[in-house]
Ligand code: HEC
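Have a look below at one chain only, the form predicted on its own, in structure tokens format.
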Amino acid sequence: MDPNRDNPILRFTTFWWGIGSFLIFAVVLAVILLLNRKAPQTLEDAAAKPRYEIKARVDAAQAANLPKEAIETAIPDVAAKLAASKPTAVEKPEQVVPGSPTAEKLASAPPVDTAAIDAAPATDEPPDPAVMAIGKVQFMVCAACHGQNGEGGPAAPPLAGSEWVNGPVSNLIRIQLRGLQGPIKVKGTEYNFPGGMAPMAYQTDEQIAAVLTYVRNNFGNKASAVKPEQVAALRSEVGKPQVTAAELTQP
């Protein structure tokens, strides 16, 4: 039997050596943590860092090309010109107030002869892929009511296989520029939605031509492309009341 096991002094010394070793380890660990202490970085901080760097570069470039003193010097002059300026009346057809004299004038204007537009030579050439790409993007707005696949929905009739889509070009252009009100029969079913379709005249001629070309060549439809000049020829329709099926050329 080892006599050291019953030695209380040895046991006492061993105990304190253990405590001391633990304390030394704790102190070393605390020093390491203290020296390497960094603020926690969140995903928001990581995303913000490059933005702050870009902002700093932009601010530096602006300060180099347009000093703060020059801006402050110009402010009184610009403010005086703005205060002295008077608004100019600008009448935009797409913002005509219903029932106003302008609206009545537009409503009483003779209809545009669409014969030349619909008689535009059709071609069997496939639509331009670039135009179709633009049309696909623009159709995202239409899809909210007409469905992602032109299947129609609670607020709009179907576009897939529609005789109106595959029919005369002028019909679709006029609906796009003026909106649509009242009943319309599509594929043998009559649709009459409250409020009808709102006009989309805010789009450019190119965008309208592209989205109509996209619709006329998707969802089982096959028809000629729509040209921006055909849309431009009907721009005078903008601001008129919503078109009705009776006003359109029957497909």
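Sequential numbering from 1, following the sequence displayed. Keep in mind the model is a prediction, meaning the values are calculated, not measured.
What follows is about the form predicted in complex with the named molecule, which we do not show.
- For the options Asn192, Thr42, Thr204, Thr189, the one in contact with the named molecule in the model of the complex, meaning a heavy atom within 4.5 Å, is Asn192.
- This chain lacks the partner; the member of Gly220, Pro50, Gly182, Pro67 within 4.5 angstroms of the named molecule in the model of the complex by a non-hydrogen atom is Gly182.
- Using a 4.5 Å heavy atom cutoff, Val141, Val165 and Leu212 all lie near the named molecule in the model of the complex.
- Only one segment in the set 124 to 132, 67 to 75, 141 to 149, 110 to 118 has residues whose heavy atoms sit within 4.5 Å of the named molecule in the model of the complex; it is 141 to 149.
- Remark: Leu177 does not count among the residues lining the named molecule in the model of the complex, judged by a heavy atom distance of 4.5 Å or less.
- Within 4.5 Å of some heavy atom of the named molecule in the model of the complex lies at least one heavy atom of Met197.
- Contact check for Val169: every heavy atom lies farther than 4.5 Å from the named molecule in the model of the complex.
- Mapping the unseen interface onto this chain, Ala103 falls outside it, with no heavy atom inside 4.5 Å of the named molecule in the model of the complex.
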